[in-house]
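The data below hold one chain only, encoded as structure tokens and taken in the form predicted on its own.
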Amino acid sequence: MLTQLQDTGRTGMGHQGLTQGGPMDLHAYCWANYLLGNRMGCSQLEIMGGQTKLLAHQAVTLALTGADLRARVNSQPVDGWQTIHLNKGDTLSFQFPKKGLRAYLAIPGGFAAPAVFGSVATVVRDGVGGLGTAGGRSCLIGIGDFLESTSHQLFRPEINCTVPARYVPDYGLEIRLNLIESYQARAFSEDSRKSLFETSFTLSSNSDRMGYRLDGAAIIPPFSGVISEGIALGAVQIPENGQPIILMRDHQTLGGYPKFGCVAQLDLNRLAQAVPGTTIRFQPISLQAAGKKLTSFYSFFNL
């Protein structure tokens, strides 16, 4: 259970050792801002695992997307992937997940918070983001925290929008990840390549916003390590035990394990909603094909 503020993250800060951070499920995040007509950089709550309760101190219009965390308004179930209107004194609560892992909650204008290196994105490992860490406070949202908006017009009764069904993912399915092979992929044996693409893996419970670990057939790395080098979102590292690690939003900026390639960015959104034990398979995709899909996504949401 984890509730934190996220925007699109800190770009161009890797040389200072800061990861980008940002929403684990960019697809759900973007739709929440889209429903309200927000800028895509407006900050939202990323609610992982449910068990969160919020009180409206004034009437407010919300957008809720992402995982089905059994949301309730004043104990009455409400659906996600749509706008919701709360009156002053209403409560919005979340239970244990039904499907998926992370829900996204947006308000008009986004939540107000002090920007660090141009972003309010919470990165616990770096101790930055969220409402700030002054006075010994964690950057995570905790009991008693008061959240404000950057907008003075929080209640927008004229906005009643729902995400079209074709854009709402089914978080209960097996995941197939498109993998762009890197230059280091050529160093792996053909048997290792077959193991990666022809067998299935399961998502380990030893996973977090930094990296998702997979259990399955051992992929024999071609060497024990490489000189640490800059590493990208979605990189698939193969450590000495042969169990792949997929780097997620809070990944480190340098890595020293051999890399088979990168998971296409759009597929990371679905992966971010997977629970431990989910079956995962890889399939190859060209850089050009993956780039075309990503460009289309960015263009639609004006990122």
Partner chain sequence: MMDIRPVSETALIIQLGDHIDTQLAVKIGGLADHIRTRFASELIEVIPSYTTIYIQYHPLKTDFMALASRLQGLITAFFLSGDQGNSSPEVSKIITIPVYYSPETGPDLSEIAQLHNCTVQEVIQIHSQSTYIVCAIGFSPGFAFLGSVAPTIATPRKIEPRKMLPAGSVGIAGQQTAVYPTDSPGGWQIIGNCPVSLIDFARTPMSPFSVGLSVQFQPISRDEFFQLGGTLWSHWKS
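Numbering follows the first chain given and starts at 1. Everything quoted here is computed from the prediction, not taken from an experiment.
Unshown form predicted in complex with the partner chain; subsequent notes refer to it.
Contact label in the predicted bound form: A264 to the partner chain, heavy atom within 4.5 Å: Because a heavy atom of A264 falls inside 4.5 Å of the partner chain in the predicted bound form, the answer is yes.
Contact test in the predicted bound form: N74 vs the partner chain, heavy atoms, 4.5 Å: Close contact is absent here: in the predicted bound form, N74 is far from the partner chain, nothing within 4.5 Å, heavy atoms only.
In the predicted bound form, I280 touching the partner chain (heavy atom, 4.5 Å): Close contact is absent here: in the predicted bound form, I280 is far from the partner chain, nothing within 4.5 Å, heavy atoms only.
Heavy atom of S228 within 4.5 Å of the partner chain in the predicted bound form: Result yes; S228 sits at the interface with the partner chain in the predicted bound form.
Output flag, A106, M248 and N269 jointly within 4.5 Å of the partner chain in the predicted bound form, heavy atom basis: So, no: the whole triplet misses the partner chain.
Candidate stretches 212-220, 189-197, 78-86, 111-119, one within 4.5 Å of the partner chain in the predicted bound form by heavy atom: Correct option: 111-119.
Within 7-40, the residues that have a heavy atom no more than 4.5 Å from the partner chain in the predicted bound form: Heavy-atom contacts within 4.5 Å come from R10, T11, G12, M13, G14, H15, Q16, G17, L18, Q20.
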